[in-house]
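Just the one chain here, laid out as structure tokens, in the form predicted on its own.
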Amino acid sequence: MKPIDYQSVMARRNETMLSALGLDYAPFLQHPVTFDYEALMAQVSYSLDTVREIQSRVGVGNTALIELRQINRLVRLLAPKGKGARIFVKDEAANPSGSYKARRAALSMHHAKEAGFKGAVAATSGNYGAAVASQAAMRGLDCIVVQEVFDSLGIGQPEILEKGRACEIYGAEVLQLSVGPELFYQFLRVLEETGYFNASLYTPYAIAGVEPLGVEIVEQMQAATGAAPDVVICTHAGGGNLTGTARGLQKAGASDCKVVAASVDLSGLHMASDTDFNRKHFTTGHTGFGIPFAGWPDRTDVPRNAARALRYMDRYLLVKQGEVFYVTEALARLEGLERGPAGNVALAAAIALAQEMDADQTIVVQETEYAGAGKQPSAQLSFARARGIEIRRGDPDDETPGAAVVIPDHPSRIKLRDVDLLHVRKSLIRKAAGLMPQGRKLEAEDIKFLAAETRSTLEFVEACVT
């Protein structure tokens, strides 16, 4: 019997993940930094058309594209003359499990079934777990979701608890843990003990499953407006959402479309901190994931992350918690669409961005998600008050994560705040250089890889490490 202490389990991580995926990462691990990213993605043996067919058979994809006409009227009232781009939203809440993550899960679960696995395991705060559970149920596969839920007092956040209930209704066994390093340890133990498929968010299958979303956006926008969108905004956390969508846009020929990331600003809160865990009010799409994953993608449950958002990101915007709560209600009251907070992160950014774009331009917010009781602003704000967090109206720029949530007192308060991508690029390059063996410098191949990884130039990479 293999030892199950923490160090032993973690030491077997590559062996465990290899057997749980049937995908050999060894060719991509020969160098501490450089690998062939497109060769990794080519491990997916399904063509784009085949992926779309697989998803269509289980009711995934081909979701509606909706123009937000009332919000667009509001944007043009706020914008300077001649400004105010049209905003459209891709209604991914119509997927079987209520979010775009059904796309990632559909291809992964198809592959798991074809490869002969009896079940699947996912480590997730919830939406993806529900998607895996739903897709597993369609294929007669077992499903286990390992979910980080509680602080040390046993208190769970409403949105995370809501997502756990969603996983259970599809028949998944949900292992709920307190915040801390044991999540990955328990995930590996479950994989070893069951022999189930590793339904990671970060495999090539999960990313390839999102590519049809980008293709659909182009097809539907061409039908609606005669052209691809000028901007697509993606809520950004681990990077798979943006990566897969951007790759789909490229495959559909929309090379001029700008891809913009948006995250909730939770600066100062640490995601692995017991005391900070319940002082945030968004379980995904925030800077606690978005910034570190953009700056270093390979911090995941697979040896090489197929979600590499910095390769595709043209701009990265931050919004405040209060702005997302405000926009969630605005979407419901102005458009009659009750949707959860994840997509509304990107929508809040879109409302501000549209005001600096020309009136004949277009923006697509590429996802919505379902709105269960635990995702409602009322649930989150009541939970915040119970934690001693101040809730008030005013200027969201006065918000302090973990201390105060400021709801805009007027829609004009919703603003753009740019992340310094130059800094993020430099940080990634310097971290990569630090992984080189002592006495060995980056070579031409490494510099070329890092230029692609950061959407920069060979000269920029060389300047960062000299």
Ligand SMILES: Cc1ncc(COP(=O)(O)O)c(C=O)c1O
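On a predicted model such as this, the values are computed, not experimentally measured, just so you know. Counting begins at 1, following the sequence as shown.
Unshown form predicted in complex with the ligand; subsequent notes refer to it.
For the ligand in the model of the complex, the listed stretch (190 to 198, 111 to 119, 137 to 145, 364 to 372) containing residues with heavy atoms inside 4.5 Å is 364 to 372. 284 is the sole member of 305, 97, 284, 157 with a non-hydrogen atom within 4.5 Å of the ligand in the model of the complex. For the three marked residues, 235, 240 and 342, a heavy atom of each sits within 4.5 Å of the ligand in the model of the complex. For the chain shown alone, residue 328 is not a contact residue for the ligand in the model of the complex, no non-hydrogen atom being within 4.5 angstroms. Put simply, residue 127 is close to the ligand in the model of the complex: some heavy atom of it is within 4.5 Å. The ligand in the model of the complex comes within 4.5 Å of a heavy atom belonging to residue 104.
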